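Consider the single chain below, provided in structure tokens and representing the form predicted on its own.
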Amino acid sequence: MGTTASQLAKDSLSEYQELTFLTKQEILLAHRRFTELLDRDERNHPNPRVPMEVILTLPELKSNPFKTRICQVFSTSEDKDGSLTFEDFLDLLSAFSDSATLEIKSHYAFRIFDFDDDGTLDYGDLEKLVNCLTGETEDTRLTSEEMRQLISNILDESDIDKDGTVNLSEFQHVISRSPDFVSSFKIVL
């Protein structure tokens, strides 16, 4: 399914429409934006990768507290460096699109919040999640007691099987009760 960065073939466009939640216009815009991130000599490479540091310069990601984690989750790089191919970039935009389902959005949100990639949200993941949301400056950082209490409250509310972690189905159950999740989990180019 790879394509050159300088042009997008009609058959590739159709395939991308079938495989994503994006419209033809959104795919073409994504392709243009992705191509602009490439160096000139990379634009004719058959399947170029944009380094994570360059992806993070996009205004749509720049102020997102989970920007690094988002790149890591959507990157197919064997080096695990967060770099993205055009198809990785489309997957990211598709999951964050208005048309993506609650199931897709909650699945990717869970993966983004699962910092250690072990398939559960444990105390360490929840602590990193809270720190991302509150900021890690002296003014915004929670005390250890506040953090402990907050994570305890999150687990009391979310950990249905009481194993001390939140698994994907528990997370999706919580998200299903949050009406604004779908509309707030988005990135629009």
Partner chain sequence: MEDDSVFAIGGSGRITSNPLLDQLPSYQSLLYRRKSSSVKSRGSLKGRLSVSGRLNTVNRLEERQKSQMEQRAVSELPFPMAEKRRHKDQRMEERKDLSSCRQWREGASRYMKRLMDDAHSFLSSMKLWRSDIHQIEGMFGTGILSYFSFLRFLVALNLIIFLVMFCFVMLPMILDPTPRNVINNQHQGNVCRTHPRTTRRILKNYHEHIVDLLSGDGILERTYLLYGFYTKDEIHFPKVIYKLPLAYLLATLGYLLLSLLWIVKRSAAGFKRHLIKDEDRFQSFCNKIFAGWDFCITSESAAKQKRNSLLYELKTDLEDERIKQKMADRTTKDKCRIYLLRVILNMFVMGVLAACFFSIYVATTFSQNVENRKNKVNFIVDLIYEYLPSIVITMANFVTPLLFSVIINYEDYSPAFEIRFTLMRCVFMRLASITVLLYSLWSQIDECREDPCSNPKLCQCWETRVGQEMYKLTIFDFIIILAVTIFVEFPRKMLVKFCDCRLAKMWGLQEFSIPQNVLEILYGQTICWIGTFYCPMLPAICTIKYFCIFYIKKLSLIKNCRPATRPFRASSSNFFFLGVLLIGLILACFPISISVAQIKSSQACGPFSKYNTSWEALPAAVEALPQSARNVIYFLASETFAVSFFVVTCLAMFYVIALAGAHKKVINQLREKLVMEGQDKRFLIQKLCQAQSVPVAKSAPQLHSPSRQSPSYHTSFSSNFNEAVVLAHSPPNSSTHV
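None of the values given here were measured: they were computed from a predicted structure. Numbering follows the first chain given and starts at 1.
There is also a form predicted together with the partner chain; it is not shown, and the following applies to it.
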In the predicted bound form, residue 32 touching the partner chain (heavy atom, 4.5 Å): no
Partner proximity in the predicted bound form: residue 87 to the partner chain, non-hydrogen atom cutoff 4.5 Å: yes
4.5 Å heavy atom contact, residue 189 and the partner chain in the predicted bound form: yes
Contact test in the predicted bound form: residue 140 vs the partner chain, heavy atoms, 4.5 Å: yes
Contact assignment for the partner chain in the predicted bound form, among 56, 154, 38, 28, heavy atom within 4.5 Å: 154
Sequence-ordered residues of 85 to 111 touching the partner chain in the predicted bound form, heavy atom within 4.5 Å: 87, 90, 91, 96, 101, 103, 104, 107, 108, 110, 111
